[in-house]
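One chain comes next, on its own, written as structure tokens: the form predicted alone.
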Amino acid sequence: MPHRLLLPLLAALALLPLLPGFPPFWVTLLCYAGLAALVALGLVVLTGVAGLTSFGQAIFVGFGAYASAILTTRHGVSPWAALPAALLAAGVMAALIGALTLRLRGHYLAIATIAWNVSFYYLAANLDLTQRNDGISGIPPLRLGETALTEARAFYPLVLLCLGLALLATRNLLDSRVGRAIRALRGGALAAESFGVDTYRAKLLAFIYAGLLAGLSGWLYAHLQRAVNPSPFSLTMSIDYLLMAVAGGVQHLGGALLGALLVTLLRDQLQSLLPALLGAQGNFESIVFGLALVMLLQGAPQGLWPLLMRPFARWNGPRAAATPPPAAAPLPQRARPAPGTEILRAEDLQKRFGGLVAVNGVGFHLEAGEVVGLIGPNGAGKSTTFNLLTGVLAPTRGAVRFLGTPIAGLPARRIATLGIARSFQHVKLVHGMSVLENVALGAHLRGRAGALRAALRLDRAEEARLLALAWAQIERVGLAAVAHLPADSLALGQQRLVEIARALCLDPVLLLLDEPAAGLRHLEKAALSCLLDRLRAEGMTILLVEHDMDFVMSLTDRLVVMNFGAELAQGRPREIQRNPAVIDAYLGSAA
């Protein structure tokens, strides 16, 4: 079955409960599954895409539910008018909790979200505002004209509509400049920072977005159940939401729907089936779910959605290699300094890691339109020097000036805005993103559209310009044939070319390349050398680290040699080749 028929089929299945004769009990269960899917969808963005584990999403469901319950029961606000307030409550609290929590990493972040959830549960159970454990009852139903949505069959289309809009907005968000920044958080944060992405803001955005979807679920829950109390917002429910996302496929939008549906339906059936089979009362379904999750992670660590979609893979593969994005107006280019202008000056750079001095007293300058090589043995401190120049590391001592502006100690994203781009010694691409998407990440600073415009699909004109630029740079490095393949599926040499294309998207004044020819074959090295020659002719300044001496000597105007973290020599290639100290320390007598 072609993939284009899959979505209509799923939509038809979702509409089955509206047919006459469909059991009301199952319609009610599907309503609750839809509400859970909204929360799980937020976890796909937060955990599956951004790589941030949260055990506290039930908090934001609670904020949305309680906000609507309080406004409608005590202040006479219409349930529809309470929706913006419910989203605002969930969004503001997500912003506050995220701002206090997202500086933490790994298991510390997960533990902090557990603490927030436990705190919220006990506050809701002990505050008069929330009617303590008794909760708030008598919540008015939603109405469409004179029709009250009191029955599950009448409420179900609203759940489907909200879920469909959430899926569409999430897909739009992830398929955008902002979405690429969020996707880069999982394994590519360092590279993203080096191209101007504020990774903390991207984390906070993902956290708030997940909170908003949970708040929407809470608003729906309050007017479906028509009563709220602390129990549905406990830590146990947060764990259930995460279980749904993981079981369905935490990196897939469809996984949120599948996981929510399976967990909701199975839990209901097991709650009645297991006590009957075992002849005793208890929460036996929790044990079964725990065992099932362990088995699932062993057999299908990516979740069930990829297994379900496997038969459709041949219809949903990468786009044709020769298909460029639509043509778009070119982006403005940076003014190039006049040839011979001093671009960068580093003075007395030192970097200590405890008692280890990785860089010690290094200084050099770069002029517009020249290619300078930074060479030396392994461990000489070349990559550390790159990191000092680009803001990945702050120097212990020394100064760096770029076009007259001091930049030592500035964050990498700030330095990127000035026009410095780089590649990395160990390739840093975002796994799961195509070559085109990885390269477009380098153009992040050249766009302005935010999350709201992306979610509403109002950023298409700007997005077309960014993708057209990315395609042009991919063609420039000779990778158009693989532009739509996953970047991590390429050979190492091709991945290095992807990094160069990404760096060119920044339209840099200064380009720093860390071992760009490593892994390339002879003809690929020749093509790279021609590309760098063209960039030099265009006025770009290039600083490169490379161990292939034939490549370096034929390309560079000057060389800076390092050894044991210190500067050993500077000069033109012929001078360096004859320098006895360099021959003894690095080149060897054969050179």
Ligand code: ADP
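Numbers follow the displayed sequence, beginning with 1. From a predicted model like this one, the values you see are computed outputs, not experimental measurements.
The next section is about a form of this same protein that is not shown, the form predicted in complex with ligand ADP.
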property	result
4.5 Å heavy atom contact, Gln302 to ligand ADP in the predicted bound form	no
Contact flag, Thr130 vs ligand ADP in the predicted bound form, heavy atom cut 4.5 Å	no
Interface membership of Pro330, ligand ADP in the predicted bound form, 4.5 Å heavy atom rule	no
Contact label in the predicted bound form: Gly519 to ligand ADP, heavy atom within 4.5 Å	no
Gly379, Pro411, Gly404, Gly106 - the one with a heavy atom within 4.5 Å of ligand ADP in the predicted bound form	Gly379
Contacting member of Gln495, Thr264, Asn172, Thr384, with respect to ligand ADP in the predicted bound form [4.5 Å, heavy atom]	Thr384
Per-stretch contact check against ligand ADP in the predicted bound form, the hit in 135-143, 371-379, 331-339, 121-129 (non-hydrogen atom, 4.5 angstroms)	371-379
Residues from 341-369 in contact with ligand ADP (non-hydrogen atom within 4.5 Å) in the predicted bound form	Phe353, Leu356, Ala358
